[in-house]
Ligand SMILES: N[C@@H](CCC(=O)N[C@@H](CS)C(=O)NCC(=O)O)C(=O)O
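Before any questions on binding or motion, here is one chain by itself as structure tokens, the form predicted on its own.
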């Protein structure tokens, strides 16, 4: 398998789950700031939207959405217990968390990166940011509460939702969104970062 990713982006979560799976794969970094990067043209051919991540399976088929890649990889490595058994409530609960990170958490924190594109007016940017901070803190408070007494979102079991949440929650330091009032999140980030597979990906992507 091949994973096309951009360091530190949501695609890093797919890199993490591939490393956790123990499956054989090749990770190919795309640097959007280097116009001469030949792989940028490859990405545009594999995904007309030109977005990452992109997973090319061993059979040459592609997936380009985080949720699909996470569940596909987890199911290829059932011995790693990355997802609960099919048909169980716990399986649906894991999907529930993964969907929450994809649809709610990602959007609320990721939106900060686009503030400057909304308007060149600093007053407008400040007003927009204030609204975004309120929204994001609502989600952060929810996650912090849900992590009470747990190692991971599902309790003791690390799932793809944790790989994704770890990356998105980590963006808070890039967008200057303090999380000091969320101790459960802070300890959670440290716990996930200490996992060997996660540490290996962070090093490989130059994030530590």
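Residue numbers count along the first chain shown, from 1. These figures come from a predicted structure and were not determined experimentally.
Note that the form predicted together with the ligand isn't included here; everything after this is about it.
Among the residues 62, 157, 51, 141, the one placing a heavy atom within 4.5 Å of the ligand in the predicted complex is 51. Stretch 103-111 is the answer when you ask which of 103-111, 118-126, 80-88, 131-139 has residues with heavy atoms within 4.5 Å of the ligand in the predicted complex. Each of 10, 32 and 171 comes within 4.5 Å of the ligand in the predicted complex, counting any heavy atom.
Interface residue remark: residue 164 is counted as part of the site for the ligand in the predicted complex, having a heavy atom within 4.5 Å.
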